[in-house]
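So this first bit is one chain, no partners, the form predicted alone, shown in structure tokens.
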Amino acid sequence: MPPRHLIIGAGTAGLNCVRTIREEDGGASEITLVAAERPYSRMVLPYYLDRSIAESHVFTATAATLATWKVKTHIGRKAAGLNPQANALTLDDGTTLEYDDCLIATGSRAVKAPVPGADLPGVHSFWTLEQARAVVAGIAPGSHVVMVGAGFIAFTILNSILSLGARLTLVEIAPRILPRMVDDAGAALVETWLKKHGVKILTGATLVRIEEARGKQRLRFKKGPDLLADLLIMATGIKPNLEWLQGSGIRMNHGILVDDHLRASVPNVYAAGDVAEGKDGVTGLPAVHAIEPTAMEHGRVAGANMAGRDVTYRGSLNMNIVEVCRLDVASFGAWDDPNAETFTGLRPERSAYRKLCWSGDRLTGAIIIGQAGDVWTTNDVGMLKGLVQTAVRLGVWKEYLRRNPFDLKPAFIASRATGQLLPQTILGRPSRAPEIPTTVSP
């Protein structure tokens, strides 16, 4: 009897797992995919919002593609309970699916701020396709859009909102914008840039209530005047979808605790993406990195292991990269480590900022901000990521970067980090399209 693989979730992690299994076995196993929604890419939703792409281009694996990959599907169904002792999953309609191994990749969901009125019909999130549809329908040229939360999620859709001709106000309870992505100096630079582009920003603002006001939303604050919004978006964080696993015996902290093969604490169960808490590649500590690159890598490693290979995951890199109004903002690794030795550089005339964090002569974290058309920024984003990811020793170049934080290229070339990055494919081989031999029986 062929192995029975069960994939729960059709996001980046789940689909990469499916692809990898098929790359490895050519269709020799059974794959069953359970997903609450049709497979689509959350990363392209901002382009759907600004009308750059049609809704049809949001979807990823079509029914025909999944059929070609010989995948049985339960689309529109949610996982309700897992019984690892019986190797069985129960769906929300009572259906039971048995497996030989399974991947939990149920992703995360948007969390609204816990204030009265947050659940009013006119208060939106922007995380799922359904939520994106509601926001798309609600924005018109000249309308006033208020986003509560000025973190990475808000910044991914900031450009789209402005491109539609809307006025935008950002409301953040923290003392600065992007509190989990950049430091004080970086946030000040980005805030100045956004204000030049017409974005209003309220920081240190405690929202106490949201009220419906004749088709608009009125925001009331602990201090300061009220704010009236034509469209209100809550961008106040996400939470892994783990509740359905209560009673399963799977060890969880912020996410499902996994080993270096992405195996959970019970037999035959793997976890990947936003629900997985695995090794941070810089600190070595367990962490949840709810970002697209980690989900992709997790899915491929889990898929290879489920297909019978022995693949160890080196750990994920905490990183966030976003471009707002032609300003690139990126941070990598342990950029906020209070114990790190740090070098900084600021060139306000270029709207450019660097922060380099060190452990000895190894770069463990970095922040880089600069104009998207500035070649120093464009090139250095990738080089900084490579230096943090490889943890290569920089020796005498550390002192050079202390004096010249905006001249990264000589140190990068001398470090030979490229030679370490090139062999670091996730599976030790290039990705390839799954080929399903016609001779393999269903």
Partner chain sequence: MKALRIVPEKCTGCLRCELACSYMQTGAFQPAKSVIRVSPYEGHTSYAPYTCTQCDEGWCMAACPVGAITITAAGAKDVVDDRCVGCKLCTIACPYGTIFYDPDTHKAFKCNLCDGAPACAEACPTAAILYEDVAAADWLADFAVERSARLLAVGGR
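Bear in mind that the values here come from a model prediction, so they are computed numbers and not experimental data. Numbering follows the first chain given and starts at 1.
Just so it is clear, the following notes concern the form predicted in complex with its partner chain, a form of the same protein that is not shown.
Contact with its partner chain in the predicted complex, defined as a heavy atom within 4.5 Å, is made by none of Pro114, Ala213 and Gln217. The shortest heavy atom separation between Ala64 and its partner chain in the predicted complex exceeds 4.5 Å. Interface residue remark: Thr68 is not counted as part of the site for its partner chain in the predicted complex, having no heavy atom within 4.5 Å. None of the heavy atoms of Lys239 is located within 4.5 Å of its partner chain in the predicted complex. Contact check for Asp328: a heavy atom falls within 4.5 Å of its partner chain in the predicted complex.
For its partner chain in the predicted complex, the listed stretch (249-257, 228-236, 287-295, 79-87) containing residues with heavy atoms inside 4.5 Å is 287-295. Only one of Glu37, Asp407, Glu30, Glu55 lies close to its partner chain in the predicted complex, with a heavy atom inside 4.5 Å, and it is Asp407. Residues of 396-415 lying near its partner chain in the predicted complex, listed in sequence order, are Val396, Trp397, Tyr400, Arg403, Asn404, Asp407, Lys409, Pro410, Phe412, Ile413, Ala414, the criterion being any heavy atom within 4.5 Å.
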